[in-house]
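Encoded as structure tokens, the following chain is the form predicted on its own, with no partner shown.
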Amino acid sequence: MLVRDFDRSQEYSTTTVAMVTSSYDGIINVMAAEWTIRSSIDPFLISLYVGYERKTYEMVRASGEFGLSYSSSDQAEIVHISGNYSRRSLDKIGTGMFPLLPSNRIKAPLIAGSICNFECRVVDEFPCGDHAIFVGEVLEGYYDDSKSPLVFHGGKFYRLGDRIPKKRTSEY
């Protein structure tokens, strides 16, 4: 049944979950982000949305780069930690719970065990309501096809279900 509810309807989108890593002035930070999207094929660009009040905003803006690790379904616990605690109150990387993967082209490490990882250099920034959009040019990319993505829906984490096969064009 279709329900008209402006506030609650926002809970019904489904997104992938990434962990954003940043490094500046000797500090390494990680933040969960469900608002990321591939925005160009050539060049390969990914857009990252970050609230202005976040420590990640300050660090990405100052460093001009970020790591993006799309979470696998077995990373729900660390995604929860990275999304519910601020760097201002907890040194998340310092807890030792985040398995780090050294990067090649940026200073921030990546998060090991993710389905895919990207090293990004900021090429633009735009204001967008209460968030900034950082457009990152992907410098390096990695993937692990043995992993399954973590998805976020209705305030909860899920695994993907069975693949739905496409119908052949001749069936239409």
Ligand SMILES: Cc1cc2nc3c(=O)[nH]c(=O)nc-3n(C[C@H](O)[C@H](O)[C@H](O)COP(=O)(O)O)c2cc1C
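Note that this is a predicted model, so its numbers are computed, not measured. Heads up: residue numbers just count along the shown sequence, starting at 1.
Missing here is the form predicted together with this ligand; even so, the following discussion is about that form.
> Pick the stretch from 99-107, 52-60, 140-148, 37-45 whose residues have a heavy atom within 4.5 Å of this ligand in the predicted bound form.
Careful reading of the contacts points to 52-60.
> May I ask you to state whether residue 84 is within 4.5 Å of this ligand in the predicted bound form, using heavy atom distances?
Yes, residue 84 is a contact residue.
> Would residue 131 sit within 4.5 Å of this ligand in the predicted bound form, counting heavy atoms only?
Although this ligand is absent here, residue 131 would touch it in the predicted bound form, with heavy atoms inside 4.5 Å.
> Under a 4.5 Å heavy atom criterion, is residue 32 part of the interface with this ligand in the predicted bound form?
Heavy-atom contact with this ligand at 4.5 Å: present for residue 32.
> Can you work out whether residue 152 and this ligand are in contact in the predicted bound form, taking contact to mean some heavy atom pair no more than 4.5 Å apart?
Because a heavy atom of residue 152 falls inside 4.5 Å of this ligand in the predicted bound form, the answer is yes.
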